[in-house]
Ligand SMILES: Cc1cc2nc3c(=O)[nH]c(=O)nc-3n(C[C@H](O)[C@H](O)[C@H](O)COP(=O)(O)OP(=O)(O)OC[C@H]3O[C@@H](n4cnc5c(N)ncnc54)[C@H](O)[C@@H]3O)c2cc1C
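One chain comes next, on its own, written out as structure tokens in the form predicted alone.
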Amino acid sequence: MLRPFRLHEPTTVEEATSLLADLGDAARPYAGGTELLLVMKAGVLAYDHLVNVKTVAGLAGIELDAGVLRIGAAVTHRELESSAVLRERFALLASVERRVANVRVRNVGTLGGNLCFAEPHSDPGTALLLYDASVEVAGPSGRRTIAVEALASGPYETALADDELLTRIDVPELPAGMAGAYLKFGYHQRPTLGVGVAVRLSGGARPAIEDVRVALGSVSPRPLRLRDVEDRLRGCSTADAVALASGDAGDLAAAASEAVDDLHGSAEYKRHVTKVYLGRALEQAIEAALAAGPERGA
């Protein structure tokens, strides 16, 4: 049963962060509420105050600015999957957003809320690692930028202070010629694993991996960039890279996965699936890069 609470509806970022500072641990920002209200209803969390950020000016809207997609924290997953800018210039992110939960959740849930809730079994945070995305955070002492890679510090924990509010997500375009793939696996509504790979290929009859980004989510308590795996694959021919993904690069990914036992699978099982899906995602990313050509990725 959902216990009573007071809902505050500030209209400015300054008003919202001031409320959070004054109310302290008794308050929590509220956007779509698709996850927060469920855990409150279950009695896992309890707050006397919720601060509605959807009434705050400036937290809505999607804008492309000099190659950087600026997403307001209160933008819903449905708005993102429907965005023409996303479909044309950020196709990989758009495809991930189309598969978030279900249409009811996407109609209400927000990207900012998803990142701040820091549910380990979630896709958007992992996909954003491929773009080197960052977030803008506002608090009583001013604004600062946090890389999405550093945002989640653990399950349901972030680098935000209690009186800070995530206001915007900044997503740079992938470099020219880079394209990617994102695969997820699971038997439940939430994924057991999500793997994203983006590659840029050299030209010529036998293209090689000029650059590569690998992100892994849902296996560990937070999304990860697997930079050691990237280093292992970079410079390899496409055929060798695919073979390595099923060999020592896959072993490296499994070892670096920080896999944990939970209801979605044992750590050993997740390490095995990580290796399998790394190879599949890499193959699809290479195919996407070849189709996109040298000038433009997705």
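On a predicted model such as this, the values are computed, not experimentally measured, just so you know. Each residue number is its position in the shown sequence, starting from 1.
Keep in mind the form predicted in complex with the named molecule is missing from the figure; the text below concerns it.
Remark: residue 256 does not count among the residues lining the named molecule in the model of the complex, judged by a heavy atom distance of 4.5 Å or less. Contact between residue 102 and the named molecule in the model of the complex is found at the 4.5 Å heavy atom cutoff. Residue contact with the named molecule in the model of the complex: residue 215 places no heavy atom within 4.5 Å of it. Residue contact check for residue 184: one or more of its heavy atoms lie within 4.5 Å of the named molecule in the model of the complex. Contact with the named molecule in the model of the complex, defined as any heavy atom within 4.5 Å, is confined among 143 to 151, 160 to 168, 79 to 87, 203 to 211 to 160 to 168.
This chain is displayed alone, yet in the model of the complex one of 179, 224, 130, 116 has a heavy atom within 4.5 Å of the named molecule; that residue is 116.
For the residues 68, 60, 260, 36, the 4.5 Å heavy atom test against the named molecule in the model of the complex is passed only by 36. Contact check at 4.5 Å (heavy atoms) against the named molecule in the model of the complex: none of 26, 49 and 139 pass. Residues 184, 189, 190, 191 are the ones in 184 to 210 with at least one heavy atom within 4.5 Å of the named molecule in the model of the complex, listed in sequence order.
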